[in-house]
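Single chain ahead, written as structure tokens, the form predicted alone.
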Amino acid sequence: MKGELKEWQEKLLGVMKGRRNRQLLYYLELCTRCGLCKDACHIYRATGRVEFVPSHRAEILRRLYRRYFSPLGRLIPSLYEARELDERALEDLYEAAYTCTGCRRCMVYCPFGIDITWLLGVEKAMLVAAGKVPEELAMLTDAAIEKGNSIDLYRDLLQEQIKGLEPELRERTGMPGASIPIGRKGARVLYVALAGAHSILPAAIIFNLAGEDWTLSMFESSNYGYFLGDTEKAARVAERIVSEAKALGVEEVVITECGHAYRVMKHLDEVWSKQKFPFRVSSIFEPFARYLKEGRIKVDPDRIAERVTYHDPCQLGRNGGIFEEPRAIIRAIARDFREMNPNREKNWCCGGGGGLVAQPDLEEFRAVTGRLKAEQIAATGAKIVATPCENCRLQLDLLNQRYHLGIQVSAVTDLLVQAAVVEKGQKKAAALG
């Protein structure tokens, strides 16, 4: 058999063999194809295409495994539902792995708790080995790694850009000494933002109003290596932040409003890097909810008059465990808050996760498969949809246009800034934009 395989086939089967463990065998053998996952999947519900049934996405891997690693599959492949690893199989693996948002709603409804997304991670690892990956995700991943390797080239430019934000920060806070420190040793909190003032300035306002001892990271929190499925590169992207946090001696690394960035740092990178971090990893909502509870920032809920609803990002909520802190903030700053139904761990995916937002050729696919989320939003009657994930906000903007929802899509921190009461000089922190 081995002599009959081409070099690329050997390489991909080697990846599958290297990932073979009890979890893989359990998932591959236990699925009864009962169909409960199909009705839990927003993509299948919107399209009706069998290839988008979660168990079908995993079936490709299952049949390949049987062909090359099961005695009966090797002996009588046609009777044992085994499949050859050929170019057509590679195309099917690509569509299965890179059109899934990784929301894991199917796992919530699976009676056996089978994690289809984990199986798709094995498929992605095979595709990475084959060099068959979305070009956009690969470019974003490599750019992040290159920036980490050449950070000194970016340092002066970033510091200049940040200094340009400080006059507005001082105006909004009414604090002449308000600042955005970068890479300051001994700070208690290291805040890791996304690229752009929209992710830095609102958080800086809240940190300054709360009197937090903080500093800004030199790096962005996003990690497209995770979406790519290249664990080695994803770990290298995350390592930039880990090394920086260690060098600065911070107690807490606070990840901005980004679902996958929080999950990577909180739940995955210690496993990938085989190390225990000497600091705590938090979502931005954990300290912000604490500031409200402790009275370190004051808010006026009358400033947000419209009805607000909240979208749980899959990576932050269902996959990351952050449900209540953003809701506590919204309830404190908005008089009229209405939940979507269902919500929390059963919330419908918006359709933009898994790196799909970064792939322009999938825009129409995202618009179609986001229909259930659009219906959820419309049913609330809300005029503002708050969600703490940039990919979700981009997707919801698309759904807003496609389905004529007439909503404002907002970051939670932006709403908090809008409601924040600036006591010094009675100045008010106006809403961003």
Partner chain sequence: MDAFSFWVAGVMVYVAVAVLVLGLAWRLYQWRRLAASPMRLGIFPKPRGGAKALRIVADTLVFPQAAEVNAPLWLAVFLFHLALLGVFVGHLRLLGRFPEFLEVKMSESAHLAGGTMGIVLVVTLFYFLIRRFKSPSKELSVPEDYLLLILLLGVVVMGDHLRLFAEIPFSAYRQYVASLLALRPEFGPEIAASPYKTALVVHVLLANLLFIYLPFSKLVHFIGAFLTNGIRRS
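Small disclaimer: the values here were computed from a predicted structure and weren't measured. Positions refer to the first chain, counted from 1.
A second form of this protein, the form predicted in complex with the partner chain, is not displayed here; the remarks below concern that form.
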Looking in the predicted bound form, is the partner chain within 4.5 Å of a heavy atom from each of Leu12, Ala125 and Lys233? no
Just one of 379-387, 363-371, 395-403, 51-59 has heavy atoms within 4.5 Å of the partner chain in the predicted bound form; which? 51-59
Taking the partner chain in the predicted bound form as the reference, which of Pro176, Pro71, Gly295, Gly186 has a non-hydrogen atom within 4.5 Å? Pro71
Among His198, Arg240, Arg104, Lys147, which has at least one heavy atom within 4.5 Å of the partner chain in the predicted bound form? Arg104
I'd like to know if Met139 sits close to the partner chain in the predicted bound form, meaning any non-hydrogen atom pair within 4.5 angstroms. no
At 4.5 Å between heavy atoms, is Cys31 in contact with the partner chain in the predicted bound form? yes
Non-hydrogen atom contact Gly229 with the partner chain in the predicted bound form at 4.5 angstroms: no
Using 4.5 Å between non-hydrogen atoms, is Leu25 touching the partner chain in the predicted bound form? yes
Taking only heavy atoms into account, state which residues of 88-122 are within 4.5 Å of the partner chain in the predicted bound form, ordered by sequence. Arg104, Met107, Val108, Tyr109, Cys110, Pro111, Phe112, Gly113, Asp115, Trp118
